[in-house]
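Below, in structure tokens: the form predicted alone, a single chain.
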Amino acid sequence: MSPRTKEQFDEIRSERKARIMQAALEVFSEEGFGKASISKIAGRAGVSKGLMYNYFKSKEELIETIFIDAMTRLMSGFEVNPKTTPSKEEFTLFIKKSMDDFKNNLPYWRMYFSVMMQADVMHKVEKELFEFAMPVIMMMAKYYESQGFENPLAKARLLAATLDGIGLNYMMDTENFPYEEAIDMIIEKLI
């Protein structure tokens, strides 16, 4: 058996980290963040408790990493640059891509939201939420300002809240909620 390359080790590490994060999301969703144990997460991920600590120092670091990973997924393919104003097409594409990921990965997002809505979890990711959300909100506000809206920040917050509402309603009633139509209406009315 030949020795593994650095790339192979990196791939193994990346896959194991993703497996731990998925297991943690499942355990946090089922038991709540406060009651979930590192031992249970490690067992679900198929790694030893000691090995898990090589990846994450604590449950807090784990939940922060899960949050950052989710925000990165939503932002993939869209560069938030506070110095530029997105075009209507770029803004529309950003919304559609984000909402497509939500729909196409619904089991993941259901678990994600059930975990993030826990009071003790929200407190732990406040800093990361502010760091990820505010540049996006400000980018949206910059777009609305360029379109001549009187209160662009309020309009940006309204859009974010509306998209969250669409996602939550779709999670609760996937069979009947008019997901695509709602997104199209939001784009037509708010973009």
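Remember, it's a predicted structure, so these values are computed and weren't measured experimentally. Only the largest set of C-alpha atoms that superpose within 1.5 Å between the two forms is called the rigid core. From 1 onward, residues are counted along the sequence shown.
Only in words, not in the display: the form predicted in complex with the DNA, which the text now covers.
*Asks:* Counting any heavy atom within 4.5 Å as contact, can you tell me which stretch out of 160-168, 36-44, 146-154, 133-141 lines the DNA in the model of the complex?
*Replies:* It is the stretch 36-44.
*Asks:* Using the partner position in the model of the complex, report whether residue 122 sits within 4.5 Å of the DNA, counting heavy atoms only.
*Replies:* Residue 122: no contact with the DNA in the model of the complex.
*Asks:* Indicate whether residue 68 is a 4.5 Å heavy atom neighbour of the DNA in the model of the complex.
*Replies:* Answer no; every heavy atom of residue 68 is more than 4.5 Å from the DNA in the model of the complex.
*Asks:* Although the partner isn't part of this model, could you tell me whether residue 129 comes within 4.5 Å of the DNA in the model of the complex, counting any heavy atom of the residue?
*Replies:* So residue 129 does not count as contacting the DNA.
*Asks:* For the stretch 50-69, I need every residue with any heavy atom inside 4.5 Å of the DNA in the model of the complex, listed N to C.
*Replies:* The stretch 50-69, when checked against the DNA in the model of the complex, contributes 50, 51, 53, 54, 55, 58, 59 at the 4.5 Å heavy-atom cut-off.
*Asks:* After fitting the rigid core, is the C-alpha of residue 181 off by 2 Å or more between the shown form and the other one?
*Replies:* No, residue 181 moves less than 2 Å.
*Asks:* Taking 2 Å as the cut-off, check whether the CA of residue 33 shifts that much or more between the shown form and the other one after a rigid core fit.
*Replies:* Moves: yes, 2 Å or greater.
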